[in-house]
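Let's start with one chain on its own, the form predicted on its own, as structure tokens.
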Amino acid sequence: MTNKQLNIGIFGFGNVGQGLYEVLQKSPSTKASIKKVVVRQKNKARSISQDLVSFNPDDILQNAEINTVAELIDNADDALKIVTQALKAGKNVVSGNKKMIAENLTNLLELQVETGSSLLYDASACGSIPVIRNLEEYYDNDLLKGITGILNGSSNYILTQMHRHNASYNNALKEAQEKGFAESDPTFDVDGYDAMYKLIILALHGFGTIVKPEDIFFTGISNIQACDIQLAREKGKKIKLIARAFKTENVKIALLVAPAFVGPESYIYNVDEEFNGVIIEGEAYDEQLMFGKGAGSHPTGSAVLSDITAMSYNYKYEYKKRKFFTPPTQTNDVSIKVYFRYQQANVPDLLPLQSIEEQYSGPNYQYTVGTVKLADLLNTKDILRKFEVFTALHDYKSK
């Protein structure tokens, strides 16, 4: 099959858009050229010809010469409008907006069928790691047991600095922001939203199941303190922010995002700095690790370019797990072992504990390790946030 010429229209020219532009210049054999770049800010200096720059979306959406759209903006609502209009105009689309994709999976799947156009979004999940394509093509059977990953490079960088260099959370966050790994408002990354949206996308391609964000328990690292890092060291472990989707004994799937105590026996124990790592667990192949940079202009730009190149060969996601198998339903009816660290003495009375395995009470903080139902954890997430409880999986493989 020969590849066709792609004429690209780009929405957004931030880190990813510029990264795509630069890696495309380093790939002269790719039959793709940028015809127009639509941006919002009019007085911003950019490293592209002004002839390419536009402030009118119709210069891409109504341009018959442009057959491929790269949607690379931050706002999820605006991104959905762009993707919808582009697909309906018969254009193929590449997107890196995980929030937009995760919140609109059903509609986006229907749009692709309705229009016959292709939407690819490998860049939305793990930067330079081709996880989605592998779940679609290599793991295209029902032998998959679980997906466990460090999916957010910003949080992983912060945790690495705290563990390796005894940095405080605030200092590690500031350094991550200075290096461009974290935004000025880091909430999306450090409170688990980013990893949660990525997990929803991976669950679709891994298991065929569409899950709503409100049905997933997720929490992040913004409440972490030095005492949590020290306790992990004493146990011979590191704290990592992980996202996990796994089959239960009754062949449903459970999903969650939380910090976790990870031991050296795990592949992701040594995934540090801004890197991502994804463990694929299967019936016949045990565990396999995919590793690479999950953040940054060029790694994410290269993932976008990979999708664009695939489109030159008319590649589309087939969503095989939905087409050829019956997707498992989601459940929160599983028990997990959790570490809760808190300041107020009355917090244990608010925790949905089934059993308690370990407790500590000291002058500066207290903690409890116990078993909880994932459903109860989801129902008490607002209470945990109100009392600034640091919540972590004591064993990320607990089921």
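The structure presented is a predicted model; accordingly, all values stated were derived computationally and were not measured. So that there is no doubt, residue numbering starts at 1 and follows the sequence shown.
Keep in mind the form predicted in complex with another copy of the chain is missing from the figure; the text below concerns it.
Contact check for L305: a heavy atom falls within 4.5 Å of another copy of the chain in the predicted complex. In the predicted complex, another copy of the chain lies within 4.5 Å of some heavy atom of I129. Contact check for P28: a non-hydrogen atom falls within 4.5 Å of another copy of the chain in the predicted complex.
In the predicted complex, no heavy atom of Y193 sits within 4.5 Å of another copy of the chain.
Checked against another copy of the chain in the predicted complex, the residues K237, R244, H163, R133 give one hit for a heavy atom within 4.5 Å, which is R133. Checked against another copy of the chain in the predicted complex, the candidates D215, E175, D74, E137 yield a single residue with a heavy atom inside 4.5 Å, and that residue is E137. Only one of 249-257, 306-314, 220-228, 150-158 places residue heavy atoms within 4.5 angstroms of another copy of the chain in the predicted complex, namely 306-314. Within 4.5 angstroms of another copy of the chain in the predicted complex, the stretch 252-276 places a non-hydrogen atom from each of Y267, N270, F275, taken in sequence order.
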